[in-house]
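Only one chain is given next, in structure tokens, and it is the form predicted alone.
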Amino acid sequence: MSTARSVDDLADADAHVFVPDLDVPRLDEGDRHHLVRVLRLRPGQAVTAGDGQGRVRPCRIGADGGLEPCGEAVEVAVPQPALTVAVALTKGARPELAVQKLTELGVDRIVPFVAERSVVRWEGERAGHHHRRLLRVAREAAMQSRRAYLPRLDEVCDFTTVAALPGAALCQRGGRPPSLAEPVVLVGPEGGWTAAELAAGPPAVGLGPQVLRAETAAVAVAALLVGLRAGMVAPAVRR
């Protein structure tokens, strides 16, 4: 199996989709509808099919609206280091927005968690419902952004659990610039961190003097970390 740097190395595809089996790539009805009815792809147009674990195969739309393989599967290199953004639960559709944008940017792991000042609580079946919804959001965003790897999306956890992750840092005004030395960043709720959370151990990384919404801070820190990893952003010089 050959190795490609990104999905763009495979083909000038018109769309990207995830399938359970790359040896026999079959679309489910939802994906078929999206490709044929929403994107209006026609027979012969190029589509890349991925397994969500780094293997991607070039295909084309068949006469029946299904997928026809037109090349061998290749392995896309795993980005290093792995990047994690943990976001405290917030109201409304903001968690969905955060997951969508973090996936598009290329974050490897997304962790929703409950902070001391979190107003929103997901418990029991409600937690399961929200997790399934966020998984769908992440999958759709990964297809749109041509990702070879689906992000890991954890079930909701508590602050102590996520703060103990290796390389963790808290997003907080006045903190030092984000760095790949701290590839796990926690973004707090609307009310900010409590004194106990700030004293819990992880160092603080900052995004400037402004007070940002949780989802804005999550997207901003993800963009910086992904840019640092790709060599598109220069590391800060620490004095």
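All residue numbers are counted from 1 along the displayed sequence. Here the structure is a predicted model, which is why all the values come from computation and not from measurement.
Keep in mind the form predicted in complex with another copy of the chain is missing from the figure; the text below concerns it.
Q: Is another copy of the chain in the model of the complex close enough to L27, R55 and L153 that every residue in that trio has a heavy atom within 4.5 angstroms of it?
A: Not a single residue of the candidate spot has a heavy atom within 4.5 Å of another copy of the chain in the model of the complex.
Q: Just to confirm, A223 within 4.5 Å of another copy of the chain in the model of the complex by heavy atoms?
A: Contact with another copy of the chain, yes.
Q: How about R32 - does it come within 4.5 Å of another copy of the chain in the model of the complex, if we only consider non-hydrogen atoms?
A: Heavy-atom contact with another copy of the chain at 4.5 Å: absent for R32.
Q: Looking at the partner-bound form in the model of the complex, is L105 within 4.5 Å of another copy of the chain by any heavy atom?
A: L105: contacts another copy of the chain in the model of the complex.
Q: In the model of the complex, does A199 have a heavy atom within 4.5 Å of another copy of the chain?
A: Residue-level check for A199: no, no contact with another copy of the chain.
Q: Using a 4.5 Å heavy atom cut-off, which residue among L39, L180, L207, A46 comes into contact with another copy of the chain in the model of the complex?
A: If I apply the 4.5 Å criterion carefully, the residue I get is L207.
Q: Within 4.5 Å of another copy of the chain in the model of the complex, counting heavy atoms only, one of 46 to 54, 209 to 217, 181 to 189, 62 to 70 shows up; tell me which.
A: Result of the contact check: 209 to 217.
Q: Taking heavy atoms and a 4.5 Å limit, what residues of 220 to 236 are near another copy of the chain in the model of the complex?
A: The stretch touches the partner through A220, A223, L224, G227, L228, A230, G231, M232, V233, A234, P235, A236.
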